[in-house]
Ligand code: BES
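Just the one chain here, laid out as structure tokens, in the form predicted alone.
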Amino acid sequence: MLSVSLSTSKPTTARADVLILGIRNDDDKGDHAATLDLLGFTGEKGQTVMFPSGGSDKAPVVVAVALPSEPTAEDLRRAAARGVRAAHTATSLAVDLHPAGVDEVEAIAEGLALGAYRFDTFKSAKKGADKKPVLKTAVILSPFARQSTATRALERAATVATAVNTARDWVNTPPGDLRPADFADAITAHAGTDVKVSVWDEKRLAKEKCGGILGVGRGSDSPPRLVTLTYEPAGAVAHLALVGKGITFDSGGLSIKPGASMQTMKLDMAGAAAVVAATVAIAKLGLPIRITAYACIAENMPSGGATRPGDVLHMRSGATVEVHNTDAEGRLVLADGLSLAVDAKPDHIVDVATLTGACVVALGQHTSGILGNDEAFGDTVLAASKAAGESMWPLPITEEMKGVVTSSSIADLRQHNPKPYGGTLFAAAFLREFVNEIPWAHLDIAGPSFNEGSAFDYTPVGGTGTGVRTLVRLATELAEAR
């Protein structure tokens, strides 16, 4: 993990391999004006250029990153990450983005740690060559460097970034190396001392009548798991339940996916990864809010024992569900997790899932959908996502979908929409059947959870850790609201 510190040094005297220098679009360009003009640096959003300092700074190389005249925390987070990406061969950085307050220092530190992420666990060094240089240290230049509030801000940033990067690691791990029992073991090892962990195997799941999780997992020779995490600080002012979809690999089951569509299906546990990583971060931050989190883990595979289209599953809640498409499996495992969350009697419930391709069609690859049963709570979640810098947008659960969800002729509910539209709304309407009247929000992160394109800003190739920052921010705001 990158080590980030603070200093009151001037950019001209800071010693590092590279100086990352923010240029606001209302600034003159200082000592580097002629060089920046020659390189065509105009200060447009996202613009980044690298050049030798020519001895005007202690750092031999300068990376100039464009900033708006009044940057938001997210602008600074992204600018810091762009600087890290440009300085990819450096082992040390000095960062001068002119933070105007401690909150901005925190955003810069987050951007640096997120932008420095790499996943090379399964890469070997080329014969005769070492692996690429690793960025080890970064110092943020700020007049607030000696303030205790700034030090605490760095600690918060490190905790949140570590959580995001942990979720990324789990999503990026090959599915053969992170099967349900492996994922449960990894969660247990990561939880630390402040979070209690309970793991239900297939026998306990059967005893607890978790027919959704068992139904999805029974096609695999690696049985499903349900991992419960609890954080119960003294003086907790609220209780938040989190539920995550943890399909470690999704072949589609007997409703099998085309081969090309399976290539990235290790990502289908990104919801559970986000929920677990956020819970541990909330505990490390010592937030006065009780968290009960459920990672609903299974591998969706075809076999002679797999659930068939037309089968009826008996869910934890007591409801029966007619299966129509085994590739719509996430809602089945979430249904059992949501029922368990209701049993815990929380104040609010949030589930996180890579649930529907329809959400990607509606909102694109970089925006998650927010749906739920309580408009006020949905607004709270949306505000938390904006404060955290994660793109989310509200979608409705239209009343027509309730009639479709309950239209099975042989069971209480049908699992899949017979018509090829409104898939995200139908899935959320199905989940709503399992939350009773507790204020609940469903985050469909199918689009932004995995980046198949080129890395940009703090978004790497592969797992992105989407959802973690929003959940931590939400817990922070719920704790502060009491």
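Residue numbers here begin at 1 and follow the sequence given. Model, not experiment: these values are computed from the prediction.
Beyond the structure shown, there is the form predicted together with the ligand, which is absent from this document and is the topic of what follows.
The closest heavy atom approach of L425 to the ligand in the predicted bound form falls outside 4.5 Å. Interface residue remark: T279 is not counted as part of the site for the ligand in the predicted bound form, having no heavy atom within 4.5 Å. Interface residue remark: E106 is not counted as part of the site for the ligand in the predicted bound form, having no heavy atom within 4.5 Å.
The shortest heavy atom separation between A80 and the ligand in the predicted bound form exceeds 4.5 Å. With the partner left out here, the ligand still marks one of 282 to 290, 353 to 361, 374 to 382, 190 to 198 in the predicted bound form; by a 4.5 Å heavy atom cut-off that stretch is 353 to 361. When you look in the predicted bound form, the only residue of T151, N325, Q263, T230 with a non-hydrogen atom within 4.5 Å of the ligand is N325. Of the candidates R146, K132, K257, R204, K257 is the one whose heavy atoms come within 4.5 Å of the ligand in the predicted bound form; the others do not. If you check the ligand in the predicted bound form, you find a heavy atom from every one of K245, H416 and A446 within 4.5 Å. Interface residues of 263 to 292, taken as those with a heavy atom within 4.5 Å of the ligand in the predicted bound form (partner not displayed): M265, L267, D268, in sequence order.
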